[in-house]
Every structure is written in C-alpha cells, then in structure tokens.
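Shown below, as structure tokens, is a lone chain in the form predicted alone; questions about how it binds or moves come after it.
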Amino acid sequence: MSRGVGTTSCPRAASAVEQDVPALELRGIAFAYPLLAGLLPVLAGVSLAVPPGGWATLIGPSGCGKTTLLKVAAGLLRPAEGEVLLAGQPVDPLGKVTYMPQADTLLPWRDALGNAILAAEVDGRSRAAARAAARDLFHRFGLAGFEGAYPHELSGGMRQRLALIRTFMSHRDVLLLDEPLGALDALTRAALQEWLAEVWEALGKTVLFVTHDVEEAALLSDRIYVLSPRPARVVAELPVDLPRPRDRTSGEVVGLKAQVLTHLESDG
C-alpha cells in the first residue's frame, strides 16, 4: 500500500472528528449472566462513543466483560439496562454491525475466496460481484495468489488476514473486533498491527476494538477506554492525539502506555 498509516493531513480522520454524532454509542449498558445461585453482574453502566471512521479500544483485566460488551454492541446479547445507538438512533444492532470474535471461525471446507465472500452470500448480494471485490481485497491484504488455499494451508497470520477480509466484506460501517491479533506470535502481531491500521485508514471503517495489549492500544487507537474489574465500568477515557504512523519506542507512545497501566493497576 503506497500510503502510510494515517497522517495528520488525512481527510478521513479530519472528517471523523468534526462530526458530532457518533457512529456507535453505548449508553449506560448493564448486563448480568444468570447462574443457578442468582445473577453474575458483568457490566455496570458502561457508556462510550466512537465517531464515524474512528478507532476506540477497550482494555481491562481478564474477565472484566470486554467481550460481553462487544456482544451487546453487536446485538447478540440484550442489556438489562442501557441502549445501543447507531448514527444517533437507538436500534437493535443485530445485522447492522459486524462482529469478529477472537477465533477466526473460518469454514474448513471452503477455500479462502469462499470464506471471504461468506457475508456477501448471507446478505444475498451478487456472488460474482462479491468475488471480484474480494479479489481486490486479497491484493490489498497481501494474500494475492492464495484465493484457492484452504484454511489449514494458511499460517496463523494469513488466517487472521482472511478473517478480516471477510469482516470488511460484510459492507457494514461499524466493525467490532475482539482481540483479532491475540493468538499470534510477537513478530507477526507487530507486522499485522501496522497492516491493520493501514487498511482501516484506507477503508474508513468505524472500529471498536478489544485487546489485552497496552502497546497495541497505544499504537492503534484514537481513544482508549479503560475498564475496571467485573462488573465493568469505565475508569478512564483517554483521547489519543498522536500522528500516524506511530513508533512503539517513541516517548509519546511509551508515556501513553504508562498512563493506561496506571489506571489498570489502580483499579485492578
């Protein structure tokens, strides 16, 4: 890709911050799982907002409710309290946003191109048009030549790229990504962090992202929401006003990591 990961002159980024109505907003989300002994509170009034074309990251202790919050945002779980808004309107988000779980969930009997166009097929869009669009994304995502490969023939990093192609092929403006790079080794993960930021900027999607990696949050985000232990609440909302691409060794990134860790440790 000829363009770098975000710059301060990027028109997409500028238009996103100028718009007052969030693409995705969660207001006062409360949720508890039913148990035999009663209820297990998981979310305690979580509120957040992501502007159009923005990238917000959720970070917090293991088991605090980050995945549960994404599932509420996707419409897969119904909150006990609160509401989900898309473009300022309270809606049932099911089918209106795209949720990518931690596992790549690729279908082993379909080749890479068949996996990529699955969302388009479910939506009833033209299969020929979807295949053409997917082939273009295979070039953009560095998978050209692997359209006919099956999931077991791909490396972990390639499988994640393919799962992300399928996610982008959903044609939804809001993407909910649950630790999509979490299972990768450190070198592959670092390379895909840069690649993912480039693709996000080029395609102009709105992203709500979950990670356990503080550095990953600092490198990718426009805004970081730090969650408390379960039941989760927002303990810090940190805007990230740093130019892209970001150097993981820069003082600004290191300082932001320290900020996030301070909030995590004080509420851990």
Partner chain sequence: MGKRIAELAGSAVLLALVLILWEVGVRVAGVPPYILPPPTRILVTFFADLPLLLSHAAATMAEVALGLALGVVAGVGVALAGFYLPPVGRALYPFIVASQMVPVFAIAPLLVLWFGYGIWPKVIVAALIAFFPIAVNVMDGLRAVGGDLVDLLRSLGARERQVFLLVRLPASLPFLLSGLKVGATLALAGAIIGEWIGGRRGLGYLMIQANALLRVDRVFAAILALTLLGVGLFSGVALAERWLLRWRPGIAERYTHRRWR
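Numbering follows the first chain given and starts at 1. Note that the structure is predicted; figures quoted are calculated from it, not measured.
Note that the form predicted together with its partner chain isn't included here; everything after this is about it.
None of 166-174, 80-88, 191-199, 128-136 except one has non-hydrogen atoms within 4.5 angstroms of its partner chain in the predicted complex; the exception is 166-174.
Proximity of residue 183 to its partner chain in the predicted complex falls outside the 4.5 Å heavy atom cutoff. Its partner chain is not drawn, but in the predicted complex it has a heavy atom within 4.5 Å of residue 156. Its partner chain in the predicted complex comes within 4.5 Å of a heavy atom belonging to residue 119.
Among residues of the shown chain, residue 144 is not one whose heavy atoms approach its partner chain to within 4.5 Å in the predicted complex.
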